[in-house]
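Quick heads-up: it's one chain on its own, the form predicted alone, in structure tokens.
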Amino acid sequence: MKTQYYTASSLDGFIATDDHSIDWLFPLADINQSSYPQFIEQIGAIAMGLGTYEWLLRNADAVMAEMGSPWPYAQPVWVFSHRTLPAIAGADIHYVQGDVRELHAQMCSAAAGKNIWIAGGGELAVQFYDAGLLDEMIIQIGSVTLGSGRPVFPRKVLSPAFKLRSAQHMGEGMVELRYDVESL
């Protein structure tokens, strides 16, 4: 069982624009030609930042057209937020706040031996890293620059450095980097 930060980033290190949009990503690659289908099969629980959740709410029609449902996940999702948020019918969502260590135990139990995905939110990934709970980062780098936005990992990490395990070319617009994360 691993806790994995799986995300996409622009060449200049942003996962979303300043207004939390990830629309820049979709023209770059076909999700079915990426590692996502195999990745999601191994996921038992999801930790999600507020920006990602709000993007899903704002783009429910596009998600419905692509996935056949307004909510694309069968796994239980922990949405980290200090605000009350609209619910999505049929989704197993836990709205939470607080220390990721305590909530990680709940996610592990729900995941039943499968992996936990930190889905969106570089700041959320940093919280898991700082708590010693992040095992792996899988970052798909797109061939665009955004100039500003939400950083992929807004934290200085010099030691222990992340250990590059693999790099895989994904069509003309993307490359996937996999890093093992050593505990602090």
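From 1 onward, residues are counted along the sequence shown. Keep in mind it's a predicted model, so treat the numbers as computed, not measured.
Keep in mind that the form predicted in complex with a further copy of the same chain is missing from the display, and what follows is about it.
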**Message:** Whether M67, W71 and F128 jointly form a contact site for a further copy of the same chain in the predicted bound form is the question; each needs a heavy atom within 4.5 Å.
**Reply:** no
**Message:** Under a 4.5 angstroms heavy atom criterion, identify the one residue in V144, I40, L50, L57 near a further copy of the same chain in the predicted bound form.
**Reply:** V144
**Request:** Just give me the single entry in I46, M137, L133, L124 that has a non-hydrogen atom within 4.5 angstroms of a further copy of the same chain in the predicted bound form.
**Result:** M137
**Message:** I'd like to know if I31 sits close to a further copy of the same chain in the predicted bound form, meaning any non-hydrogen atom pair within 4.5 angstroms.
**Reply:** no
**Message:** Whether D19 contacts a further copy of the same chain in the predicted bound form should be assessed with a 4.5 Å heavy atom distance threshold; does it?
**Reply:** no
**Asked** Looking in the predicted bound form, any heavy atom of F153 within 4.5 Å of a further copy of the same chain?
**Response** yes
**Prompt:** Taking 4.5 angstroms as the cut-off for heavy atoms, does A62 touch a further copy of the same chain in the predicted bound form?
**Reply:** no
**Asked** Going by heavy atoms, what in 167 to 181 lies within 4.5 angstroms of a further copy of the same chain in the predicted bound form?
**Response** A167, H169, G171, E172, M174, V175, L177, Y179
